[in-house]
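Below you will find one chain, with nothing else, as structure tokens; this is the form predicted alone, and questions on how it binds or moves follow later.
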Amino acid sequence: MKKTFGILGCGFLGSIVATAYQRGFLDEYDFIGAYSHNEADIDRLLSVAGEGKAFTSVDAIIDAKPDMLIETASVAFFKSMAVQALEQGISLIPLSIGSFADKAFYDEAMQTAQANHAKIYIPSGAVGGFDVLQTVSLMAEAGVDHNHPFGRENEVTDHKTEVHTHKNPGPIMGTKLFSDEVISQMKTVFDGTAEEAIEILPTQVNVMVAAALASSGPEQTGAKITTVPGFVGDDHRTVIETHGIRGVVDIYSSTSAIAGWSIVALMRNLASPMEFF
């Protein structure tokens, strides 16, 4: 029996999922419909998908009880409806991953998902390498000498994660990170933690929080943002280190489309008899 899904947020990224569905990349699923604050956006997305219902509210699409809901809207929107959906046993695939930098929200969402046998699936988007980040973090947490066949105790258990993003100065305009210097020269405008970064740029650093959740946590993951005049797209370089291991994941993308397609890849992985971790 096919699983059902709905889409919350009907802009560019939501439409990518609809396109993938219409072109047969999600044959293992049935699309029930979509919701957005903008009715015209819903109509456009449904025309792309070729089917589906235009829901008039979040409550209505949750009441339809799809197996999963895909969120491509905003941090504020996702935080407003996530727990309600999880209480109904509906699994979530959010792009507004920065929501989980809020520890209280993170804890409530995790507890609600577990209590109602739902899942929160985090797509890799433009950061990637979740498998490596989780594996290296686990090896550090284990606190053993991984060069020894029987895993002797090892005093070194720490690990360090840092995400360094290069982007155009445009996204920081109107924030406290902006200065006249960034218009004409490359400048590191932020150097702190992923948790601090999402507070300043709630729509720009979801990838940093995603990498942090897969490794050291938003409070402990280092975050740097360097602006480059004329730079097109984003480059996210994630480095994780522990005793004897150093992993680097570096992804450049000229478009945010990779985030939408990572949802499609995740859904295909979940439905496949072979899963890639």
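Each residue number is its position in the shown sequence, starting from 1. This structure is a prediction, so every number in the text was calculated from the model and none was measured.
Quick note: we don't show the form predicted in complex with a small molecule, though the next part is all about it.
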Heavy atom of L266 within 4.5 Å of the small molecule in the model of the complex:
no
Is the gap between Q185 and the small molecule in the model of the complex 4.5 Å or less for some heavy atom pair?
no
Counting only non-hydrogen atoms and a 4.5 angstroms cut-off, does S256 reach the small molecule in the model of the complex?
yes
Within 4.5 Å, heavy atoms only: does R237 come near the small molecule in the model of the complex?
no
Here the chain appears without its partner; judged in the model of the complex, the stretch of 61-69, 47-55, 30-38, 223-231 with heavy atoms within 4.5 Å of the small molecule is 30-38
Contacting member of L133, I90, A101, V75, with respect to the small molecule in the model of the complex [4.5 Å, heavy atom]:
V75
